[in-house]
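Have a look below at one chain only, the form predicted on its own, in structure tokens format.
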């Protein structure tokens, strides 16, 4: 299947996959951790375009991982496509559970985010965001180091689970020649007087309401979504390097509908990217084929480092943010 389809491009490839999908019964099973409001738009659009009946299972990324590993142990072919966070996808791919999906659209994804066994479909980009009613002039951060300035005491917020951002930025400053002691001091200064929130969506709501003036590492799509609804928030120009983490999809090696799964991935990486963009997410490939990260200095979250050292960095970050004011979950 992969060899035959891999030789094809453009409409010839899509037409052949449509033929094969019909032979497979026009059925597809997708496991995803996409938010329900987005999944409920993406999947019906695919179903309508190709007349394919999708069985959708939606859960958090850890639940999806455990279900796939359990089904694999039981030699049960549940999902045809898995779409979730990078860390869980990397585990699934490392177990050899995903097939060798290749394609023109996959090749257009930024080369720093090319992985074996899965393909980025969307990015979470971390950048500082601020309330424009509360922050202006020299209070607008222009570097990550700015956030350690005492002028942000009492108006800065960090998110309690952002250890991947912390790990990535820590590595960046090490590469810049900073000592570990200086980096530790910088993060300690950020946390001193900071408010520690749980959940990025709620954090942006609190930022919009003026509960604090600056979020250290907001998801840019959430900031943009709030701004589009009239909230007084901004993140432009981005503080660089932005920290970017990929989420993506993979075709399961044991798929009972491999052609249909490939058709979905092809569509998701082309037409589906417009759907993500229209709904405020950051696609991995712009609808015109360009790179959404072009022109930005980007520091990718190292997925393998997360797998190897994630627990250590999670503990370290938990200790760092312990020094801030813990806010109740919003």
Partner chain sequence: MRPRTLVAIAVTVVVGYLALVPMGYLLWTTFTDAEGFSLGGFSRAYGSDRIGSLVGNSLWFAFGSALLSLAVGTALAYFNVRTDVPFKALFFAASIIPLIIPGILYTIAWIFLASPSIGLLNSLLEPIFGEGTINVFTIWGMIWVEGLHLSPIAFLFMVAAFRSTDPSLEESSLMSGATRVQTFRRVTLPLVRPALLSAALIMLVRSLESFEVPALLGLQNGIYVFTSRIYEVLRTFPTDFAAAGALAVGLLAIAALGIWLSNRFSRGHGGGTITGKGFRPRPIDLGRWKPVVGLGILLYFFVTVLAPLLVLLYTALLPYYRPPSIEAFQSMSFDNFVAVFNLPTVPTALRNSLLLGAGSATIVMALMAIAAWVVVRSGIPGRRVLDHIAFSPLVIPGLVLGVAIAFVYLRSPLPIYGTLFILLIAYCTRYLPYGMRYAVSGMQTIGAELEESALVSGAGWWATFRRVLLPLIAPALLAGWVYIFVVSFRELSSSILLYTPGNEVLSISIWELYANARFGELSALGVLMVLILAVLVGVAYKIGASVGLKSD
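This is a predicted model, so every value here is computed, not measured. Note that the rigid core is defined as the largest set of C-alphas that superpose within 1.5 Å between two forms. Positions refer to the first chain, counted from 1.
From this point on, the text means the form predicted together with its partner chain, which you will not see here.
**Prompt:** If we take heavy atoms and a 4.5 Å cut-off, which stretch out of 97-105, 182-190, 203-211, 119-127 is in contact with its partner chain in the predicted complex?
**Reply:** Residues of 203-211 come within 4.5 Å of the partner.
**Message:** Looking at 168, 255, 87, 220 here, can you tell me which has any non-hydrogen atom within 4.5 angstroms of its partner chain in the predicted complex?
**Reply:** Result of the distance check: 87.
**Message:** Please identify the residue among 71, 234, 240, 149 with any heavy atom within 4.5 Å of its partner chain in the predicted complex.
**Reply:** Exactly one listed residue reaches within 4.5 Å, namely 71.
**Proximity of residue 66 to its partner chain in the predicted complex, heavy atoms at 4.5 Å** = Yes, residue 66 lies within 4.5 Å of its partner chain in the predicted complex.
**Request:** Using the partner position in the predicted complex, report whether residue 91 sits within 4.5 Å of its partner chain, counting heavy atoms only.
**Result:** Contact check for residue 91: yes, within 4.5 Å of its partner chain in the predicted complex.
**Asked** Taking 4.5 angstroms as the cut-off for heavy atoms, does residue 246 touch its partner chain in the predicted complex?
**Response** Because no heavy atom of residue 246 falls inside 4.5 Å of its partner chain in the predicted complex, the answer is no.
**Asked** Should residue 160 be classed as touching its partner chain in the predicted complex when contacts are defined as heavy atoms within 4.5 Å?
**Response** Answer yes; at least one heavy atom of residue 160 falls within 4.5 Å of its partner chain in the predicted complex.
**Message:** Can you list, in sequence order, the residues from 36-68 that come within 4.5 Å of its partner chain in the predicted complex, counting heavy atoms only?
**Reply:** Contacts from 36-68: 36, 37, 40, 55, 56, 57, 58, 59, 60, 63, 65, 66, 67.
**Prompt:** When the two forms are laid on each other by their rigid core, does residue 305 show a Cα shift of 2 Å or more between this form and the one not shown?
**Reply:** Not so; residue 305 is displaced by less than 2 Å.
**Asked** Does superposing the core leave residue 296 with a CA shift of 2 Å or more between this form and the one not shown?
**Response** No.
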